[in-house]
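As a starting point, one isolated chain is supplied in structure tokens, in the form predicted alone.
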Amino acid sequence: MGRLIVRRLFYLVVTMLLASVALFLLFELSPEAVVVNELGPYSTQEQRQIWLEQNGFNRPPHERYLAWLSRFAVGDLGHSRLFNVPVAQILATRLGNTAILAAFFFAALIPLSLSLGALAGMKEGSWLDRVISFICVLTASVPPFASTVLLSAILVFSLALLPGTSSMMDGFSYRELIMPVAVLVLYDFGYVARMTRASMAEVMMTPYVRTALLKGLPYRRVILSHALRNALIAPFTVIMLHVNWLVSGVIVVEFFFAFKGFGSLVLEASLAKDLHLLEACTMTTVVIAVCTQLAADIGYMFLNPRIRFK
């Protein structure tokens, strides 16, 4: 198990290094493009040369890459032109906000999707399976930008039950989290539940489960001790991949509800062409992606002990 984790860590480090090279080539290979972005298109050539000299852009590309990578490694992410604060400061705040949103999202998504998916898989072909499958397909077919408008029209404007924004201007509020969490869960739970249903239905037809039932073991014990654990491997993969989607793919939801999270930060940095902030957001997404894949590999070992011997 230890060697497997070390090998996975090596692959993840290599992936991050390759991503950093691609990011450097995309954003910082051309000094002229960088200085125009920083000083504006109406800056003089003399001003640009002074800025390039002061910031070390006259050095060879490989030296600039190593210096750039070393700054990232120690947390020196530069200064944000948009917010006029260090990038690390605004990035930590926005990531913390998205982490809160993610915690409530997964707290609602996991029990709801796994329980409904497992019930549908246990009763494959029954009326319960058909009802759950219909709900899953219906919710998964509605994109987030449509469900935000629909839920807002019903819960905010028609019934006036919930606030229409989640900006947290007066401090943290659970009520302001309900709408963005509901939109995310409504879109995602159908997909995860369908994956759980397919996996559970397959496990229920395996010989060891059928043998356990024929031997007279309690149905509850067979489901919880044998079937459910093996059926969770596929949904676990999907849920871990949803961490990456949640970090970088909730731009629509966060922007619509004015939630100050990582997704809206990426959009604001893109619109303002804030180079240092965009670089930090991109590398943060890469780090989170590779870390979640490592967590998924470790989780496989607990769900299926046979993997650790491969």
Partner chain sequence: MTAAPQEQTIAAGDEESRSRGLARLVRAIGLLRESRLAMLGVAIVLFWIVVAVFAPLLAPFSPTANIRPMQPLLSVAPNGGRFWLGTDHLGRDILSRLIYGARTVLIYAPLATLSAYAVGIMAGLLAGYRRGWIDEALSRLGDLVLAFPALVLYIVIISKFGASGFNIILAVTLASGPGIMRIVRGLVLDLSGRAYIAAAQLRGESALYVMLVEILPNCRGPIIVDACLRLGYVVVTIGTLGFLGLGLPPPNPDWGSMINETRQFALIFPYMVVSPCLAVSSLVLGLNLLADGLREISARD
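Residue numbers count along the first chain shown, from 1. Every value quoted in this text rests on a predicted model; they were computed, and no experiment measured them.
Below: the form predicted together with its partner chain, not depicted.
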Listed range touching its partner chain, judged in the predicted complex by heavy atoms within 4.5 Å, from 198-206, 112-120, 223-231, 138-146: 138-146
V247: touches its partner chain in the predicted complex, heavy atom cutoff 4.5 angstroms: yes
Its partner chain contact in the predicted complex: W68, any heavy atom under 4.5 Å: no
Any non-hydrogen atom of L150 within 4.5 angstroms of its partner chain in the predicted complex: yes
Distance check, K273 to its partner chain in the predicted complex, heavy atom within 4.5 Å: yes
Triple contact flag F27, R194 and L278 to its partner chain in the predicted complex, non-hydrogen atom at 4.5 angstroms: yes
Residues of 12-27 having any heavy atom within 4.5 Å of its partner chain in the predicted complex, listed in sequence order: T15, L18, A19, L26, F27
